[in-house]
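Next up: a single chain in structure tokens, the form predicted on its own.
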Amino acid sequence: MSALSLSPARRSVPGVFVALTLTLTIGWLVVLLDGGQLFNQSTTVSLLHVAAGLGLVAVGQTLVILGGSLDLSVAYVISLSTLVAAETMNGSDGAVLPAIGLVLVVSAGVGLLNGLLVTRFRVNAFIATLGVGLLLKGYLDNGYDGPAGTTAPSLVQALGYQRVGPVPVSFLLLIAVTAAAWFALSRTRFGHHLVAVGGDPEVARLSGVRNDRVLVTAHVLCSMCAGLAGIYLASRLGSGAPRVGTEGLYDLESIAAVVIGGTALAGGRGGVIGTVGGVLLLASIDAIFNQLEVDAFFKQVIRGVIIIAAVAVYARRAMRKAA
């Protein structure tokens, strides 16, 4: 099979949505027996808000992982993006578009640096993106003691809190970004080349794929998705927050959502639809545990068990397929 004939695998997508359905069903019953109500409007809106922020990062993370790379700098890119957005707007509705544009340019620059370190300088993706993240952390820790800037009221209203029925506008943004990523992966040359590079870089190179260019593009897009998440979080918080990305564990959470969604950490197999399912699963667990007032430590234990189980299931499937 030619490397160019590879396409994002979709076999894992039904599995994560079956797990999501079971989780919501069991969670609804448990919350109901506890005297609460899981599927009310406030809980649903909160769940979708959580999914929107994490989902934007996870969609970008899916792209680099599909290509056999990784990005551990996304949490710091999010924090930096909230500050760039809020300080550029400084409460002015007229500065919304310039602020969004500047955030995307800055985040794309970080992604370009990540991509060049991985491709041109052959630095391991884990080390390269962690190093870039620590550089950003040093800048944030040195330059900011707390929130800074003020988000424009129009952005706060439109992206932070406005809804279409029970669905937040931010979640509609996630759907749009996911649809664009799905189209790019399944219907464009870039998408097929990215999966080919993740599946077997040498075969992809021999097939005429420019591996370095593809991976750099994936890293740029990943950082821009983190930038969008930063804009969204700035609209929710009303200001820039230098530690919101790391406190939200968006780096590890996004990787977890990608893995739960069926994308192989080694690259070459997976897709953004499954990632969104993984995001919704994690957000649903949060919503259920919040309703039950479960201890935060226990919640993290359950998340860890789910991630390990998901990896084990996909590994067994891969072994059976190979056999």
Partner chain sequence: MQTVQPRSLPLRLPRVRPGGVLPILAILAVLLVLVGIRQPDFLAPQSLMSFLGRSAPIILLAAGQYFVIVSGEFDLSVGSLVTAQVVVAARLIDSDPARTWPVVLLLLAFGALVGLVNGLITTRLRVPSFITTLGMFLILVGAVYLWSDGAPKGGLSEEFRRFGRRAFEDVPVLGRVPYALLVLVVLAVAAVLLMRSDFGRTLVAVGDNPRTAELSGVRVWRTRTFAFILSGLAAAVAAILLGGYSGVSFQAGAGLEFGAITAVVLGGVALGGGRGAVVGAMLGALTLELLFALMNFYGVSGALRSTVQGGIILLAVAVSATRSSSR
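Residue numbers count along the first chain shown, from 1. The structure presented is a predicted model; accordingly, all values stated were derived computationally and were not measured.
Beyond what is shown, the protein has a form predicted together with its partner chain; the following relates to that form.
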{"query": "Of Leu281, Leu70, Val59, Ala52, the one that lies within 4.5 Å of its partner chain in the predicted complex (heavy atoms)", "finding": "Leu70"}
{"query": "In the predicted complex, the one of Val169, Ile127, Ala108, Leu237 near its partner chain [non-hydrogen atom within 4.5 angstroms]", "finding": "Ile127"}
{"query": "4.5 Å heavy atom contact with its partner chain in the predicted complex for all of Val123, Tyr139 and Gly304", "finding": "yes"}
{"query": "Non-hydrogen atom contact Ile255 with its partner chain in the predicted complex at 4.5 angstroms", "finding": "yes"}
{"query": "Partner proximity in the predicted complex: Val45 to its partner chain, non-hydrogen atom cutoff 4.5 Å", "finding": "no"}
{"query": "4.5 Å heavy atom contact, Ile100 to its partner chain in the predicted complex", "finding": "no"}
{"query": "Contact label in the predicted complex: Pro147 to its partner chain, heavy atom within 4.5 Å", "finding": "no"}
{"query": "Residue stretch of 130 to 138, 155 to 163, 80 to 88, 206 to 214 approaching its partner chain in the predicted complex, non-hydrogen atom distance within 4.5 Å", "finding": "130 to 138"}
{"query": "Residues within stretch 277 to 297 having a non-hydrogen atom within 4.5 Å of its partner chain in the predicted complex", "finding": "Asp295, Phe297"}
